[in-house]
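There is one chain below, alone, in structure tokens, taken in the form predicted alone.
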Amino acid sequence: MLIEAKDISVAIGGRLVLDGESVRCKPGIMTALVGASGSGKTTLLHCLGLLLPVDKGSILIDGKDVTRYGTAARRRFWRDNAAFVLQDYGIMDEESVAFNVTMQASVIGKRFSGYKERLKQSLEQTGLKGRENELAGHLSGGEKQRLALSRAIYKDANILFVDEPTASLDATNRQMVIELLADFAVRARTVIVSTHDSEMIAACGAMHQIGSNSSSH
């Protein structure tokens, strides 16, 4: 799905965070949102994911203006098309790895063999094979990041919104996460990454510098 921002501006707490930003994020490649700390990378990501409203401009998905989507329409978009890997991982420490991936306790039941196979495959791809029944709180930071990616893989979302995915990760986990995101994009998915990591940026097929109002490919 093609995600576009056209001349969007956002003010938070009286401060103009985004000023006339425009970007096109195409399916099949990763798009990096880059800029200095505090430049608005995460804000732009949240606007593109319909997590944050814009004050001016428009957000389009496959050419359709979704800027003024109401709560119900946004929830349908998140449910049907989007997956998020945010800085806090969105992991519930008190729940199992399996529940955090599927968000369904019933998947563990015997009647859900198809879902169980998808769960197994998503964990295998992220290096968490065989850890379905562990509490998520026992995982390291890098493992929680990969668990969040497992959830996106399990959902098979059309669009993946990712905020600083390699921050604080060691070299091994960083490379694994970059490869997982690249593989997600190769399957004709739209992957949008807010990042300051030069390795992550190098792996992306397009880059948007906050404040430049242009993208490079």
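Position 1 is the first residue in the sequence shown; the rest follow in order. No experiment lies behind these values; they were computed from the predicted model shown.
Same protein, other form: the form predicted in complex with a small molecule, not shown, and the subject of what follows.
Enquirer: Where does the small molecule sit in the model of the complex: which of 170-178, 185-193, 63-71, 42-50, heavy atoms within 4.5 Å?
Expert: Heavy-atom contact with the partner occurs in 42-50.
Enquirer: Give a yes/no on whether I12 approaches the small molecule to within 4.5 Å in the model of the complex, heavy atoms considered.
Expert: Although the small molecule is absent here, I12 would touch it in the model of the complex, with heavy atoms inside 4.5 Å.
Enquirer: Is V17 a contact residue for the small molecule in the model of the complex, using a 4.5 Å heavy atom cut-off?
Expert: So V17 counts as contacting the small molecule.
Enquirer: Quick one: does G38 come within 4.5 Å of the small molecule in the model of the complex, counting heavy atoms only?
Expert: So G38 counts as contacting the small molecule.
Enquirer: With the cut-off set at 4.5 Å between non-hydrogen atoms, does Q121 touch the small molecule in the model of the complex?
Expert: Contact check for Q121: no, nothing within 4.5 Å of the small molecule in the model of the complex.
Enquirer: Would you kindly say which of Q104, N81, S96, Q87 lies with a heavy atom within 4.5 Å of the small molecule in the model of the complex?
Expert: The option sitting close enough to the partner is Q87.
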